[in-house]
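First, one chain by itself: the form predicted alone, in structure tokens.
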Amino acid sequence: MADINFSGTYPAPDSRAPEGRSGAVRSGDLHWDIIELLFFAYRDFVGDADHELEVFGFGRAHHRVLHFVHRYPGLKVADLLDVLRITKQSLGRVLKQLLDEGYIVQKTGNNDRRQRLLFATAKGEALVGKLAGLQTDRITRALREIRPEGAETVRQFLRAMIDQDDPDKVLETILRTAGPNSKERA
């Protein structure tokens, strides 16, 4: 990952829209604060796991594959491609490494032998548990800063940020099971 280095001082953030850009949002209506908070929150949220993954020679793609394979045992490779929105080539490289190193196993489907179903091994589950623990610690610390009912507002906000017309089967499952009384929330 490339670093961006600023030398010296830099001007205050510019809220002007680029020249010639058309759009419904006026520059004064842009949510610069939320945009930047999301950038930094994402950086730190994935950064906790990134440091652990480096030890194994893995990156964020490995993390995402392991996460969804663990959470949805028997996930089809085709569905994983939909979830991750990456190419077969990109998934193939990552998946091969996870298979070769024993974090995931692949089985053929019972009804359709062409299906490739993915399952996390005990080794994969242990790594996912460690990474999820790091990220849960960060979430728990953040949720301590807001009222208890604020946690549901955070969930609602995050669900609203997701394209609702996304046909992804895993996302549909997450949104369907993420009701206010669900223990496993999105």
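Predicted model only: the values in this text are computed from it and were never measured. Note that residue numbering follows the sequence shown and begins at 1.
One more form of this protein should be noted, the form predicted together with the DNA, which is absent from this view; the next part is about it.
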At the 4.5 Å heavy atom threshold, is A132 in contact with the DNA in the model of the complex?
no
Considering non-hydrogen atoms and a 4.5 Å limit, does the DNA approach V77 in the model of the complex?
yes
4.5 Å heavy atom contact, H70 and the DNA in the model of the complex:
no
Heavy atom to heavy atom, is V83 within 4.5 Å of the DNA in the model of the complex?
no
Which one, 147 to 155, 30 to 38, 56 to 64, 121 to 129, holds residues whose non-hydrogen atoms are within 4.5 Å of the DNA in the model of the complex?
56 to 64
Quick check: do K88, R93 and D112 each get a heavy atom within 4.5 Å of the DNA in the model of the complex?
yes
